[in-house]
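Presented as structure tokens, the chain that follows is alone, the form predicted on its own.
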Amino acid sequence: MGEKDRIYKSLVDIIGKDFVSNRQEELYIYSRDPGASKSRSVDYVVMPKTVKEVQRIVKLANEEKIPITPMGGGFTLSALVVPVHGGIVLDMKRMDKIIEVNEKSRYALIEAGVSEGALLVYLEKNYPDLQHSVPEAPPTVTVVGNALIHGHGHISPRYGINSEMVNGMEVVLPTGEICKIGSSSLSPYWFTRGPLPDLPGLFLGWFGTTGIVTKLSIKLFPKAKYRDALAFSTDNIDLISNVIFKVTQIDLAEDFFLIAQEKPDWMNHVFFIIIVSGEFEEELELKKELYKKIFQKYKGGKEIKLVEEIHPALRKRFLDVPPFAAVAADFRKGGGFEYTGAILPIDKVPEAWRRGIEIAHNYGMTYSYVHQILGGHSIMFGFNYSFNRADEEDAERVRSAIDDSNKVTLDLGGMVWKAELGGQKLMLEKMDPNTLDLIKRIKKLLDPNGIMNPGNWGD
């Protein structure tokens, strides 16, 4: 029996033949993601159901010195869960239990495979006064995966990014031990991560290189009964930073994002989209009037204009949870789409705006923007590019545009969110060397055999 057949048999012994595959037609699905990154080889795919099965698979990977990559929904677009060095993809979708919702302490305890759509529907049915922060992504994206990559949701402008909403977690460490982090380490309740040492940070943003999260407690928030959308537009890019400052000064928005597109012509402006919500209709109307008052200060409303009538279909898309803000992106034949998320200081937005347009034009593309304000302290600035999946030259053009966009991000003092390998390399080259050394030491300490998603964060 060859080595690959022996490892396959060991995996079957752990979770059964129905949930292990080394068949090329099934491995193909896991060798790529919806973005522009090139495909990579995968040797095995496994779909565990229990934390004990995950633990046994990790111990096997250590014994065989074979890479292992945990995967949630697989929609990062930057190939974070497509193995760089092959090995095992650990598809977590069967671990899909919503274990508990604590209504009074406002948290949900879930397994790693629970999707955004599943939790959304569960809360709507059973806890209609509560909501979680839902990203602008397909409903099959997992809640845990989004939190682990520092994802954003529809209430992030008000409550912060989704990794800040993590109370605690259960983790299978790279050597196979099971560890509880947060209040669950000493209490039956999963309600907070402090005032203990902040160990969740060892797994947030590490792209599965430090452990496998099998359970997670995520904060829930009040869900208002009334919601509406306001839209304002301008052609003065230099006003953007000041407008963001003014809008976030009164801190009443549920969501706040900017959109612009070169085509169609009516979208070729700067649009400020503000989502307001309230428990009472009077509260909602008051918030709307206050925001209108802010924009009236810009030369009596002449420099920034209120969009008096938002088309009903557009209003619905803005108010949908998740919102679909990229309503008319330049989706080319072949359906490919990728973006690089720049986390930027607010005052750098006008320069990023202009340089992003230059990059798009340099590669023969029209520009398309969707940017979300993150609490008034930073912005997720999306450099968006469409391409034809069937055209390798077109995909390579997008990869080059992404690389140029990442360089602009770092040049402006920002950081690349959920960076692909090239973006990771750029950040590691620019990083303080002592910080880089600390990252390497932590990874080596937790993962002495180097099996966890190797190739990411500098391996």
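It should be emphasised that the depicted structure is a prediction, and the values quoted were computed from it without experimental measurement. Counting begins at 1, following the sequence as shown.
Keep in mind the form predicted in complex with a small molecule is missing from the figure; the text below concerns it.
Novice: Just one of 286-294, 223-231, 272-280, 131-139 has residues with a heavy atom within 4.5 Å of the small molecule in the predicted bound form, so point it out.
Specialist: Heavy-atom contact with the partner occurs in 131-139.
Novice: Using heavy atoms only and a 4.5 Å cut-off, determine which of 349, 148, 253, 259 is in contact with the small molecule in the predicted bound form.
Specialist: The residue in contact is 148.
Novice: If the cut-off is 4.5 angstroms on heavy atoms, which of these, 107, 318, 381, 339, is the one near the small molecule in the predicted bound form?
Specialist: Exactly one listed residue reaches within 4.5 Å, namely 339.
Novice: So in the predicted bound form, does residue 418 come within 4.5 Å of the small molecule, heavy atom to heavy atom?
Specialist: Taking the distances in the predicted bound form, the answer for residue 418 is yes, it comes within 4.5 Å of the small molecule.
Novice: Going by a heavy atom distance of 4.5 Å, is residue 80 a contact of the small molecule in the predicted bound form?
Specialist: The answer is yes: residue 80 has a heavy atom within 4.5 Å of the small molecule.
Novice: Hey, in the predicted bound form, does residue 423 get a heavy atom within 4.5 angstroms of the small molecule?
Specialist: So residue 423 does not count as contacting the small molecule.
Novice: Using a 4.5 Å heavy atom cut-off, state whether residue 167 contacts the small molecule in the predicted bound form.
Specialist: Contact check for residue 167: no, nothing within 4.5 Å of the small molecule in the predicted bound form.
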